[in-house]
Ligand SMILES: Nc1ncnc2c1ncn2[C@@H]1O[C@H](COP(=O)(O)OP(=O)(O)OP(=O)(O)O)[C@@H](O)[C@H]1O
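Coming up is one lone chain in structure tokens, specifically the form predicted alone.
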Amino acid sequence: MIKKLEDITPEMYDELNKEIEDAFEQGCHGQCASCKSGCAEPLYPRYAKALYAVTGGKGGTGKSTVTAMLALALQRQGYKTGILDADLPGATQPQLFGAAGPVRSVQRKGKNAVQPLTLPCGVGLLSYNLIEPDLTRPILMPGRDLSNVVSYLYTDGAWDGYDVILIDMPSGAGDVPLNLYSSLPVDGVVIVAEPGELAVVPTQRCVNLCGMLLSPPVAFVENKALTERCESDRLYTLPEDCVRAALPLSPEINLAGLTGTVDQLDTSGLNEVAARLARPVLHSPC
């Protein structure tokens, strides 16, 4: 059983970081479907039929809440869905669902693996907050080590059998997103923004980074929207086939996040986005 962060040794994430740096220098960005290098296997294995990062350029847009609601929408449509909480210093997924650790170790292919916590709604979850017992203790790690801990939770997570995994990313375009986009086999990203022009520059920067690393946005969610339609997407340069959706500024959503009852929310407003994320599942030969 993994009870605390110290169980993840420096040797583990140092080794993972070297793999990331070596692969990036060789031009590997984790996107095997569009790669012509002919290498035998990807840097990191694919545990789900579809893997998406949920991100944004600015903090406070409700990215984690959108991730949770998207996972619920997918689960309710019949897809086994998992969430990897990659924002270690700002991890909130367990609190949104009213969940608590610790997570457990299981045997997978002769090695110890971290078992995602199965929530009552059926969604699987791995988060730093399910490992560290003292949630108020500062995380004193540089960006490269933070990204390697997240990589460890992915590579040593018992994710087998999932249809879709959503990665709740840190906001912005810093070290952690750069390392993760360039290593994990991400099929695309979901951009979360809020109304207005305050976040346009950092969000567009995030969009451009994802495109550079071959993980273009497949969906854009305007959270805390003031109308029923997505309006702020016109402020951004997005791919033409990027699905747009709006979630209203809602006291019900806010209260659910505060009380750990996100799994009771109506997620129908994200059904179109969920359907887009499920496309690789429908076309998978597995």
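Note that the structure is a prediction, hence the values are computed from the model and not measured. Note that residue numbering begins at 1 and tracks the sequence as displayed.
The same protein also exists as the form predicted together with the ligand; that form is not shown, yet it is the one meant from here on.
- Every residue in the set T61, T65 and K224 has a non-hydrogen atom no more than 4.5 Å from the ligand in the predicted bound form.
- Shown alone here, L249 lies within 4.5 Å of the ligand in the predicted bound form, counting heavy atoms only.
- When the ligand is considered in the predicted bound form, T261 lies well away from it, no heavy atom lying within 4.5 Å.
- Contact check for I253: a heavy atom falls within 4.5 Å of the ligand in the predicted bound form.
- Of the heavy atoms in D87, some are within 4.5 Å of the ligand in the predicted bound form.
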